[in-house]
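In the block that follows, a single chain appears as structure tokens, in the form predicted on its own.
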């Protein structure tokens, strides 16, 4: 049968082509093998099939089927070799030592500062507070003037505040959220406002230019210093433990009067400052349209980063933000 020699010739070319594919050392060699065997003009298999028309009609289907099989076999070998060469090239550029033990799977967890915020918020939520947010880019009125801080106050100076344009700045505290909330809602108010704030601080063990802050505000009829002190004392005991002592020291903030620094003391520890607080200055209430003769209130502000430092005995705030998984993994 005339087709037998042609079929055997196709099979012989298949073996030679596959051997040439395996010997190809790079992509260029592989392309030359492809052209040599499968090219339309110069390909050996294509050249052999040009004699297909001279075969008897009854032999052509068998030869054609074998030719298609051989082409597919050689093409598959070319693809497999190309993938192997690509893997080898990648391995050469970025070698992997297969003798090393595999790295364990990383398991995500909450950042210690975020956990402090969540824990603080959970305590105040149980006391009836609502969580509020506001823009991180604000203007001088919300960041200073509405809070009884004149623009010639040192805090408004460019040495302390990050200005983006005249009158436009990155908020230096979350107190503007309190102002915006009071403008939108009538008393009674009981809110906490967590968020990022920005100052021109030196990046050192206790300061960063960008850091988290959480503030709280209560405004209603008949709110007194007793309510203020009792609520913060209860928060401290829930957060730091039942035996926690609380101390209020006189201080000054433009937006509160009187103002206080709040310290806590746990068994076996010294007094630790955790927040600034005070009764809301009547001028702030007037600026948002509240009647200071009818309403009173109190407010506080604290840095969750500092709280996390105290909670975990960390001495350098920068450790929380350097993204060292060996350090952060301790708090998982």
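Numbering follows the first chain given and starts at 1. Keep in mind it's a predicted model, so treat the numbers as computed, not measured.
Just so it is clear, the following notes concern the form predicted together with a small molecule, a form of the same protein that is not shown.
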| property | result |
| --- | --- |
| Site check 173, 256 and 277: each within 4.5 Å of the small molecule in the predicted complex by heavy atom | yes |
| Position in contact with the small molecule when the complex is considered in the predicted complex, options 229, 199, 115, 207, heavy atoms within 4.5 Å | 199 |
| 4.5 angstroms heavy atom contact with the small molecule in the predicted complex for residue 301 | yes |
| In the predicted complex, residue 138 touching the small molecule (heavy atom, 4.5 Å) | no |
| Non-hydrogen atom contact residue 148 with the small molecule in the predicted complex at 4.5 angstroms | no |
| Touches the small molecule in the predicted complex: residue 132 (any heavy atom, 4.5 Å) | no |
| Options 175-183, 162-170, 239-247, 124-132; stretch whose heavy atom lies within 4.5 Å of the small molecule in the predicted complex | 175-183 |
